[in-house]
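The chain that follows stands alone, in the form predicted alone, written as structure tokens.
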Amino acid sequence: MRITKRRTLAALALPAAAVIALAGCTGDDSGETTGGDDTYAKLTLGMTADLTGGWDIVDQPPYQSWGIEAVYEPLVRCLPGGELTAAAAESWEISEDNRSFTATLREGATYSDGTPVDAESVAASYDVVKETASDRYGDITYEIADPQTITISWPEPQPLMNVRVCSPYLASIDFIESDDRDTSPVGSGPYTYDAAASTPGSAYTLVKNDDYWNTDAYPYETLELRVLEDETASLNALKTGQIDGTIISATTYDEAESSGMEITGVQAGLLMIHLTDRLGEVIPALGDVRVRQAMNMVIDKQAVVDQLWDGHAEPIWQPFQLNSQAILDIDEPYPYDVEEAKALMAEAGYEDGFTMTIPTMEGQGWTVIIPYLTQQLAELNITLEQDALSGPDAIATLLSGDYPVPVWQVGGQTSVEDITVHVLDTGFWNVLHQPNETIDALWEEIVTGDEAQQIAAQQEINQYLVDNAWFVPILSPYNYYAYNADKVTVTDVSDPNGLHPKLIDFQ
């Protein structure tokens, strides 16, 4: 994961002390102090997508998760590189056999309804996750030594123990048992949700929780999240001071930079076509490896990077992140060659092509890549149709299996995590969940082997995926975040997924 930070000349010319003074004079409460040197009135962030899962603690994607990070806290927090840092647990221990995680909760912490953050509520929160993520949590058991100590155990060793324990959010038992989990969050995070000051679907207001144990790390008294699904509208809101920061793409990078915004970029993630129907059960043509290889050969990845991403990305030929343990030192396996691709389609008996439908969502930059994919796949007589998904069920529909060829940017914290997410048949991005004995055998080596064996098995999986063209890898983009340095400071990007700054990074 590579991180860059671009400060504009305008931002450099304005010292921090002057920024605070100007904010106070104009009456704009963003960045205005409220009594202490390190406390500010309001942080307003733009979101290019609404809260896809409402306020429920389950089905919360890491993308633009500032609202969820505000009201809830995990047991521990993951950092880039897979390290853990304290959250609800102030200390922890992982068993030597890598099956159990024992957490010691901090004394005195409470949820916003006044109930304690104790071992029973941790178990209740994980029980909710078990219902929707049975592939990762379904067989876990608990041992509660006392209200502040809980041991969570899996029946098998967990190569991704850190990711497993940092992902679920904690909530009070009364909230978990209530019927309004979508609308009335009760967590133990640094902010509480102000429903009366919010308009769901448009703007969400959260107020600082002074009882939070680490309140100094969150200097803003109020957090407002405004939903601006159109990127142009979001950037305009940033330029006119309506919001303090927003996600941008390569297409708006130059405009944001010329407007005096500071831009932080993190290279992470994999934009790929996921060809999950490798058995051809839904789209028979995809059951033929030659068709999948042809689809790889008809995409000019370097041209996509240069012309559509203006160089703000790297072309990829393997379905893993460039610095991961699974990456192979190999040449481009399927060079851009339209005529050879057509020949492969004819050899497979699919020269007349076929039709496939891909799901899209607002705020994901589809207007950039989809027209190109439509044009290039048409060279193989493959017709690409789109279904625009929206609303709170969009992610669930996307992953339901109704769309066997999603085009999406994915990428976890490690290649082991990526294997669990989009390679194993239990992975939620492997949407058709078709079994594969070769992958299963190599995964077993990852679970039971030493470090060298784990790395070797990851690379064997990668080679198998490349040889059998399970994906059409396209590029690894820079994920950009633009913000007004006159009002906020982004000290770091602590997101282990490399998507954007976390809420704690805004100072």
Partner chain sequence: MILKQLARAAGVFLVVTFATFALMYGNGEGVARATLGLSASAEDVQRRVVELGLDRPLLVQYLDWLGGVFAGDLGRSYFTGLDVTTALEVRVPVTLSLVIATLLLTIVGSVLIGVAAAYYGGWIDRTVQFLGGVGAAIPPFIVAVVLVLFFGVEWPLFPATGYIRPEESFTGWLYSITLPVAALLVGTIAGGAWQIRGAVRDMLSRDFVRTLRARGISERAVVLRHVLRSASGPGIIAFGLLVIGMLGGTIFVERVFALPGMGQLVTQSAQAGDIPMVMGSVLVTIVIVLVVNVAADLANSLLNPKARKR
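Take the two forms, superpose them, and find the largest set of C-alpha atoms that agree within 1.5 Å; that set is the rigid core. None of these values were measured; they are calculated from a predicted model. Residue numbers count along the first chain shown, from 1.
Omitted here: the form predicted in complex with its partner chain. The next part is about that form.
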Check, residue by residue, if 86, 167 and 274 all come within 4.5 Å of its partner chain in the predicted complex, counting heavy atoms only. no
Counting non-hydrogen atoms within 4.5 angstroms of its partner chain in the predicted complex, say which of 343, 396, 289, 330 makes the cut. 396
Of 153, 202, 375, 367, the only residue with a heavy atom within 4.5 Å of its partner chain in the predicted complex is 202
Just to confirm, residue 233 within 4.5 Å of its partner chain in the predicted complex by heavy atoms? yes
Counting only non-hydrogen atoms and a 4.5 angstroms cut-off, does residue 146 reach its partner chain in the predicted complex? no
Would residue 180 count as touching its partner chain in the predicted complex under a 4.5 Å heavy atom rule? yes
Evaluate residue 135 for contact with its partner chain in the predicted complex, applying a 4.5 angstroms cut-off between non-hydrogen atoms, and reply yes or no. yes
Counting only non-hydrogen atoms, choose the one of 386-394, 103-111, 292-300, 313-321 that falls within 4.5 Å of its partner chain in the predicted complex. 386-394
Applying a 4.5 angstroms cut-off on non-hydrogen atoms, the residues of 229-248 near its partner chain in the predicted complex are 229, 230, 233, 236, 237, 239, 240, 242
Establish whether a shift of 2 Å or more occurs at the C-alpha of residue 395 between this form and the one not shown, with the two forms superposed on the rigid core. yes
Does residue 239 show a Cα shift reaching 2 Å between this form and the one not shown after rigid-core superposition? no
